[in-house]
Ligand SMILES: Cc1cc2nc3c(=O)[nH]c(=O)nc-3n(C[C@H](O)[C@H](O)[C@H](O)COP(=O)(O)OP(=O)(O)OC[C@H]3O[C@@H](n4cnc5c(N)ncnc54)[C@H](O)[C@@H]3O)c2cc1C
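Next up is one chain by itself, shown in structure tokens, the form predicted alone.
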């Protein structure tokens, strides 16, 4: 069996190639965009540079010919790659099973209805297409003999997109997928300045700072890549500290694979207290400084 990985980021390519190796004997990887394919993660590697004025979403036309002998495609769940894999699946008469938590024996487990339950699905026939986060395959390690990557010539589709303008988003520099300890801030933080209390705790314990969706996409206090939840990051740190987070399912599906979950909330009836290992009822402005000082 041959698996094909499509990614935008080098680290995701490596993690998904490791997962692909658990499913197939032969693994190929393609990275679309400016980042390069890491060495020794696959049996074959490709790079697709996006020409000026073109859109990364149109890379599907370049990659389609590489899928002729592929049975499984695993894609990084980021916007451009989702668009690419959707076009490839349509060209092959298939569908995409999205946001997979795990893939075993061809059966993919993912969340549905905002995370209220799990669903298991399997491709009927032909190529199976999946999107999966970097943490979906646990501790699997990549292997392969690729020293670099073959540069593919851009193939423009018949109806190509035209890039009118673009504006880079400033990244936080924190990779929460690699953090053993994560502090997550929620709507219990009433002011942006209060996030410094969480940052001080992170500095003390060497944690990464994440957040629930409202702080990233609503208030705009945190970078979008730090949002944890059903349509954001799916993490599995050793320790997860939920500060001011109510514990709605849409958020908790992004953290329910954590080793140990601590919760801090002033509402003793918050749902988070039914999902954590240890809970503390109290005001963040009072509790966080005391915890930080005591550690």
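Being a predicted model, the structure only gives us computed values, none of them experimental. Residue numbers count along the first chain shown, from 1. We call the rigid core the largest set of C-alpha positions that still match within 1.5 Å between the two forms.
What comes next is about the form predicted in complex with this ligand, which is not displayed.
Colleague: Is every one of 102, 110 and 132 in contact with this ligand in the predicted complex, taking contact as a heavy atom within 4.5 Å?
Modeller: Looking in the predicted complex, the three residues 102, 110 and 132 all stay beyond 4.5 Å of this ligand (heavy atoms).
Colleague: Please check if residue 257 has a heavy atom lying within 4.5 Å of any heavy atom of this ligand in the predicted complex.
Modeller: The answer is no: residue 257 has no heavy atom within 4.5 Å of this ligand.
Colleague: Does any heavy atom of residue 284 come within 4.5 Å of a heavy atom of this ligand in the predicted complex?
Modeller: Contact check for residue 284: yes, within 4.5 Å of this ligand in the predicted complex.
Colleague: Would residue 241 sit within 4.5 Å of this ligand in the predicted complex, counting heavy atoms only?
Modeller: The answer is no: residue 241 has no heavy atom within 4.5 Å of this ligand.
Colleague: Wondering, does residue 199 line up within 4.5 Å of this ligand in the predicted complex on heavy atoms?
Modeller: No, residue 199 sits far enough from this ligand in the predicted complex that none of its heavy atoms falls within 4.5 Å.
Colleague: Considering this ligand in the predicted complex, which of 208, 214, 157, 86 comes within 4.5 Å of it through any heavy atom?
Modeller: Checked against the cut-off, the match is 214.
Colleague: Would you mind picking out the stretch of 137-145, 220-228, 158-166, 77-85 that comes within 4.5 angstroms of this ligand in the predicted complex, counting non-hydrogen atoms?
Modeller: Of the options, only 220-228 has residues within 4.5 Å of the partner.
Colleague: Looking at this ligand in the predicted complex, which residues in 178-197 have at least one heavy atom within 4.5 Å of it?
Modeller: The stretch touches the partner through 186, 187, 188.
Colleague: Aligning on the core only, does the CA of residue 267 end up 2 angstroms or more away between this form and the one not shown?
Modeller: Comparing forms between this form and the one not shown, the residue 267 CA shifts at least 2 Å.
Colleague: Please determine whether the C-alpha atom of residue 25 is displaced by 2 Å or more between this form and the one not shown following superposition on the rigid core.
Modeller: After core superposition, the C-alpha of residue 25 moves less than 2 Å between this form and the one not shown.
Colleague: Rigid core fitted, then: does residue 287 show a CA shift of 2 angstroms or greater between this form and the one not shown?
Modeller: After core superposition, the C-alpha of residue 287 moves 2 Å or more between this form and the one not shown.
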